[in-house]
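Just one chain follows, in the form predicted on its own, and it is written as structure tokens.
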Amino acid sequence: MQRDSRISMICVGDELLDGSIRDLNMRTLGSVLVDHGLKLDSSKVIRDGVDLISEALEKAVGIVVVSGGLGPTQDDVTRDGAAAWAGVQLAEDRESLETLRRRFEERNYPFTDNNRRQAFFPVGADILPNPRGSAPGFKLKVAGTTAYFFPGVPSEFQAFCETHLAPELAQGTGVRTRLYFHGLGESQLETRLDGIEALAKELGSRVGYRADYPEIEVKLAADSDEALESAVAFVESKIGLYAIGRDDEDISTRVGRLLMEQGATVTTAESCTAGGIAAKITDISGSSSWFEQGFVTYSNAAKHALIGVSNQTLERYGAVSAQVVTQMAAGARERAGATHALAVSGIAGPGGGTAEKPVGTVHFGLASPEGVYHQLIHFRVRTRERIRAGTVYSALAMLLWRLDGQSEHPNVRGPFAVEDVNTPEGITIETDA
């Protein structure tokens, strides 16, 4: 597929315009395109109507993906609009008809005349089997425009994109990779990557972004491995500190791989994430090799009894403090006999915040062989769920920082000696809330 082709989308359905359902397919298509170094130029939502569909297709240039209107009911008229656009008749495809009949028989559903409508296609169309549902799709070329017609059901639309569209997009698009980052906003990322567009043009590569909190994905595509790795090197030189994964290696997989390579283990002590960090670490098979146990200690009594946090420290500084979270990390590491320990204590909201410690205040502790580290983050996101999700990722990113052997971090303080951490006075740092 030509990379300079214009790509648009037409979403068909009255229900998309009267508020009955929310369109999810544009996001799916946009993500698929960016994976291949392409971008969606425009998207249009129209009602069910033969003339409306035909007119929208007449205005399309290059490549257009049409979703919806391929069902069995009378208002499913996308195939009729496509035939009108192409100036051809609809014809029944016997193979599609038999496939539909078998599908209904296997499920003990009655096959009616309206179901038969799904086996009719514009003459000359390439029929695209449905990998997940009943309605086939099709592809139709008219003059300089190639149109793909997919079902509107989001799960089926996604399957069509993966099965029928992505392979064609991949033709001639060279090599590509996806880099994942956490710890900086999308605007910060673009600022730090100033110059990437010019470099991409020079290298003949393409760049795209996708923000899906708490991750930001940078997608790179190029015509050669050399050009791709040059673009990757540029990105890593600017924001490598915030890297958490690449391609199929997500943050959990990367943590597990590095722990295995280093023969290391990790434990957790959580006071605002309810075991979320432990759950993320154990997302992948084999995680018992590097994670044996964790501690969920919401009350002060649990912090003292299970991981040895000083009652005096708790009373003096409060649970959400640098002094307590570093004692949590040191205590968890000692109790579990682990190489590393991650600890978090914060205010996830919606209540519990104060002027000194507003909602979104989270302290992080990391106990490692060389000592104990601390980090303070004020999350600006508004919901409890997003604060907790950001906390989980930030904790694992802090661990990755150490596992990768990076010596400096602008927001991390330490290492502090364990004996200093465990005094009733605790540590003294500039970033205390």
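Just so we're clear, the structure is a prediction, and the values are computed from it rather than from any experiment. Between two forms, the rigid core is defined as the largest C-alpha subset superposing within 1.5 Å. One rule holds for the numbers: they count along the sequence shown, beginning at 1.
Although not depicted, the form predicted in complex with a further copy of the same chain is the subject of the following passage.
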Thinking of Gly37, Arg101 and Phe120 as the candidate spot, does a further copy of the same chain come within 4.5 Å of a heavy atom on all of them in the model of the complex?
-> no
393 to 401, 28 to 36, 369 to 377, 60 to 68: which one contacts a further copy of the same chain in the model of the complex at 4.5 Å, heavy atom to heavy atom?
-> 28 to 36
In the model of the complex, which of the listed residues (Gly263, Gly144, Pro129, Pro350) lies with a heavy atom within 4.5 Å of a further copy of the same chain?
-> Pro350
Which residue among Ser96, Ser205, Thr297, Ser321 has a heavy atom within 4.5 angstroms of a further copy of the same chain in the model of the complex?
-> Thr297
Answer yes if any heavy atom of Arg210 is within 4.5 Å of a heavy atom of a further copy of the same chain in the model of the complex; otherwise answer no.
-> yes
a further copy of the same chain contact at Asn311 in the model of the complex, heavy atom, 4.5 Å = no
4.5 Å heavy atom contact, Leu24 and a further copy of the same chain in the model of the complex = yes
Indicate whether Glu162 is a 4.5 Å heavy atom neighbour of a further copy of the same chain in the model of the complex.
-> no
Residues within 4.5 Å of a further copy of the same chain in the model of the complex, restricted to 251 to 278 and counted by heavy atom = Thr273, Ala274, Gly275, Gly276, Ala278
Cα displacement of Arg117 between this form and the one not shown reaching 2 Å, rigid core superposed = yes
Does the distance between the two CA positions of Arg47 reach 2 Å or more between this form and the one not shown, the core being superposed?
-> yes
With both forms fit on the core, has Met26 moved 2 Å or more by CA between this form and the one not shown?
-> yes
Say whether the C-alpha atoms of Leu38 and Leu241 sit closer together or farther apart in the model of the complex than in the form shown here, given that their separation changes by 3 Å or more.
-> farther
So the C-alpha spacing of Gly37 and Tyr213 changes by 3 Å or more in the model of the complex; is that change toward closer or farther than shown?
-> farther
